[in-house]
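Given next, in structure tokens, is a single chain: the form predicted on its own.
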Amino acid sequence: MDFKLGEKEKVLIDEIAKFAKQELPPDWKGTQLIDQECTDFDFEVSMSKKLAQKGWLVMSWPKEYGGQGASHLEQTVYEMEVSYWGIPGAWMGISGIQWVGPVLIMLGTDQQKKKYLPMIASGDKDGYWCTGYSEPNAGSDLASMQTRALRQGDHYVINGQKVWTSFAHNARWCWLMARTDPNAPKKHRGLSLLIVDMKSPGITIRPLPNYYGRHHFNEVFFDNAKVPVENLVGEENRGWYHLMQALAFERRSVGPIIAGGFRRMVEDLAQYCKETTYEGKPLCQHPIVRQKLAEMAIDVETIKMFAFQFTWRLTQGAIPVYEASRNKLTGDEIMRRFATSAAEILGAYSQADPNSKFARVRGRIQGAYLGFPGNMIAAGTAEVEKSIMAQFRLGLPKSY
């Protein structure tokens, strides 16, 4: 494996840095995976459009779908750098960019590709997606979902509820998994992926603010909502297998996001430790603090190498299976360790509201600490990821 960056990647890094310095406000605090919120949605959309105009938003997609046909390595470097700078809009409707688009390229009809992919690539509001998987009684055990999509003529009629639906209040489209065959012999069968217009009659969205006041979760109710049959993705009743591919794309994205975003946070935290004194000397001179900072830096390098290794596998023509789960699991643990250590270093300051005058390190530590438990569940718990790794890397039998 050769992780050495070429001239294209180095130029891209410089261009993104220049873009961030020109386009972001001087006091910009940044957004990233562990603190998913940009309260100014219009600003986020405007930035997303600018990224699209630069050819970066979906740069590795084929040109006919709005991409640049860039290499997987360029895509990975881009994801790391926009996360480092906390550029809003880079992950606008992350569902569409990271897994809806790639799955449609693989499985979508020509009509679906022509309609939806350019929308996502444009960075416009109409390209904003949410993902409808989890339900009140179906989280990690997604095969137990009960939302139904029963076919009636040229439509599916959807009834049921989804929960923890990130950014449904902003989304134009929903990437929905529903049960199309309630009589399937096994619960993993009889599920289908559908594209749902969030403006359709019969859809109700209710906010679910999390326990520290941020609103990106929602619950979504479907009451006889109609979806054209042409919005079925892939094969009817084989949605479980399509879902596994979508989840692999989603989990893959964690590595570059964590590698870039946390590199910036480690740098900021190290600077804080240089400037802050405790017992008569800078925090950075205290052995325990130095050890924590060193461990954080090692974690960042580890997830970066995992992200590059995954990318290298793609360049070799391989289809990574367990690596996406490995990166997701590693990223989750890094989030937990970082947030805990950073909160310990800041002490009471870690509890300050990000907008408070007492906030430190750009106000990011409170969000990191309060946000990591939810992010560790998103896209699959540790138990789910370990089971995938055990089966596809170690060759162990299924537990059921």
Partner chain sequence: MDFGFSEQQEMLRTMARDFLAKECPKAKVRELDKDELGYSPKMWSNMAELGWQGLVFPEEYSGTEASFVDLLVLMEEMGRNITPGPFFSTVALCALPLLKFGTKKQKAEYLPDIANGKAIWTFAFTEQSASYKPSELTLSATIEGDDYILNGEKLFVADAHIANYLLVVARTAKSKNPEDGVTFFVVDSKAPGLKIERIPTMAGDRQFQVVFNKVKVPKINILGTLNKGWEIVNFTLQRAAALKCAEISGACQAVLDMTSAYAKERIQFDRPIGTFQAVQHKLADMLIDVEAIQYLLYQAACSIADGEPSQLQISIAKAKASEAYQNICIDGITAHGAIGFTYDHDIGLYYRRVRAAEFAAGNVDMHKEIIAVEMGL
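Small disclaimer: the values here were computed from a predicted structure and weren't measured. Residue numbers count along the first chain shown, from 1.
Below, we refer to the form predicted in complex with its partner chain, which is not included among the displayed structures.
Visitor: Quick one: does Ala390 come within 4.5 Å of its partner chain in the predicted complex, counting heavy atoms only?
Guide: Contact with its partner chain, yes.
Visitor: Any of the heavy atoms of Leu208 lying within 4.5 Å of its partner chain in the predicted complex?
Guide: No - in the predicted complex, heavy atoms of Leu208 and its partner chain never come within 4.5 Å of each other.
Visitor: So in the predicted complex, does Ala248 come within 4.5 Å of its partner chain, heavy atom to heavy atom?
Guide: Outside the cut-off, so no.
Visitor: Does any part of Arg290 reach within 4.5 Å of its partner chain in the predicted complex? Heavy atoms only, please.
Guide: So Arg290 counts as contacting its partner chain.
Visitor: Please identify the residue among Leu314, Ala270, Ala138, Ile195 with any heavy atom within 4.5 Å of its partner chain in the predicted complex.
Guide: Exactly one residue meets the criterion: Ala270.
Visitor: So its partner chain isn't shown here. In the predicted complex, which residue out of Asn170, Gln161, Ser166, Thr330 has a non-hydrogen atom within 4.5 Å of it?
Guide: If I apply the 4.5 Å criterion carefully, the residue I get is Thr330.
Visitor: Tell me which of 124-132, 94-102, 183-191, 297-305 has residues with heavy atoms within 4.5 angstroms of its partner chain in the predicted complex?
Guide: The contacting stretch here is 297-305.
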